[in-house]
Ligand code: PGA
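Let's start with one chain on its own, the form predicted on its own, as structure tokens.
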């Protein structure tokens, strides 16, 4: 049986009611392989709107983040309980933009993963290094620290999204060998230190319809976390309609 390929669209703080409806309408009309999981992650206020738009379709809903508590005095944050009530099956945690702009540390991300698992929402855990760490050759040590401090032991299934910070939105993409090295190193670390066997590994960072299939085939990744290209109907359509 063919393995599922996860295509995760991270819309970030983009689109409105009209443009989201237009894009979802295009995605619903696509004929795509049954082994593709098409996951859309809108900003919070769009989630109820998108939930209604994707009814009776294969599109799955995800959130871009959650708080590490189910409720409480956390102005501006969103609870995983409410996220689940609005139909989100997945939640992105640990994205480098959250780490940078909201000062999130590994402990926060660990707690978010715990609360997501408790509420049966699947976390998509982002890891990745800066360009300086890549140049210094200490990128694997940095990623291992992220995995060690963020990931609980013996998870039933784990989705890791490798997004080198220097690649996000820049057009720069690691080589095939670089991606393979990080993938195999992450899986080896998690199996040895966290006793996790079922690991899905996604690549993210300047993914588009021109480079995705080479990355998928040569690196044997399980899918992609896609930012800017996921907002472009032609780009995301070409990815979803590809030969899987």
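This one's a predicted model, so the numbers in the text were calculated from it and none came from an experiment. Positions refer to the first chain, counted from 1.
Another form, the form predicted together with ligand PGA, is not on view; read the next lines as being about it.
Exercise for the section: Name the stretch, out of 111-119, 138-146, 92-100, 75-83, where some heavy atom lies within 4.5 Å of ligand PGA in the predicted bound form. Expected result: Every other range fails; the passing one is 92-100.
Handout entry: Sole residue of 219, 182, 207, 41 within 4.5 Å of ligand PGA in the predicted bound form, by heavy atom
Key = Checking each option against ligand PGA in the predicted bound form, the one that comes within 4.5 Å is 207.
Exercise for the section: Indicate whether residue 152 is a 4.5 Å heavy atom neighbour of ligand PGA in the predicted bound form. Expected result: No, residue 152 is distant from the partner.
Practice task
Report whether the minimum heavy atom distance between residue 227 and ligand PGA in the predicted bound form is within 4.5 Å.
Solution key: Although ligand PGA is absent here, residue 227 would touch it in the predicted bound form, with heavy atoms inside 4.5 Å.
Exercise for the section: Find out whether any non-hydrogen atom of residue 12 is located within 4.5 angstroms of ligand PGA in the predicted bound form, and reply yes or no. Expected result: Heavy-atom contact with ligand PGA at 4.5 Å: present for residue 12.
Practice task
Please check if residue 133 has a heavy atom lying within 4.5 Å of any heavy atom of ligand PGA in the predicted bound form.
Solution key: Taking the distances in the predicted bound form, the answer for residue 133 is no, it never comes within 4.5 Å of ligand PGA.
Problem - Neighbours of ligand PGA in the predicted bound form among 162-189 [non-hydrogen atom within 4.5 angstroms] - result: The stretch touches the partner through 163, 167, 168, 169.
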